[in-house]
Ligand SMILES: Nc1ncnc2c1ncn2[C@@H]1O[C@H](COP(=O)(O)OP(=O)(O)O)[C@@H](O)[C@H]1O
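For reference, the chain that follows is the form predicted on its own, supplied as structure tokens.
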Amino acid sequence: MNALFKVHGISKNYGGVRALNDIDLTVGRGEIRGMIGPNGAGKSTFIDVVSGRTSGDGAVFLDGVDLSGKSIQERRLSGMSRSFQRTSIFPEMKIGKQLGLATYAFGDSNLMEVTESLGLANVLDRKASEVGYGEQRRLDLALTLIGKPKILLLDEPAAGLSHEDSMVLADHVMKIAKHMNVPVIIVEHDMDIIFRICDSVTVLETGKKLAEGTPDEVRQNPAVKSAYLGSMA
């Protein structure tokens, strides 16, 4: 694997609670890595620590550069981009203006490529509040892609979407990863998305890595079935 992104020993304590316990992860170019587990397993905490939103222990490397100890802004400018469970869009601002403002920090804008790849080219003159929630979610994803990031960290990007819109968004994520050759780590409760687009899956339970492998391997893992998937497997 041509590993672009590596983390080692990612750990996080909240008082006496061990939220993350020595998580190692390697993701290659264009790879989509799903991260699943029960509520409280540490998935979003992992994204927060890796992106610099919250403090934690461990090393973070992106394209050979050590980002450990760097701020959120420094990590973003180094190529790490993330989304949140709730969209970070401005409802009363036109979609094109929001994307234009996002390009301000980056000299090399990929705005046209992003809007076309996410099907937003025809709604740039509309306010975000005037389009459907599926398009708002795609706008949120578009904002993470401005500046040609080297990795995407997506925290439940399909939250609140219908099944149909979730599948549309999932297909967009898959096309982006392969076309732009950018790795994606996606935290998601929707197993249809995980098993549809992911090349590999990491399963967390109480802050520890329970299993890791291809979607089929994870789906058939007895420990995963018992702890999480159950009848969904």
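Start at 1 with the first residue shown and count on from there. Everything numeric in this text was worked out from a predicted model, so none of it was measured.
Below, we turn to the form predicted in complex with this ligand, even though it does not appear here.
Although the partner is absent here, Val17 lies within 4.5 Å of this ligand in the predicted complex, judged by heavy atoms.
Under a 4.5 angstroms non-hydrogen atom cutoff, this ligand in the predicted complex has Lys43 among its neighbouring residues. This ligand is not shown here, but in the predicted complex it comes within 4.5 Å of a heavy atom of Pro38. Residues within 4.5 angstroms of this ligand in the predicted complex, judged by any non-hydrogen atom, belong to 44 to 52 and to none of the other stretches in 176 to 184, 44 to 52, 57 to 65, 189 to 197.
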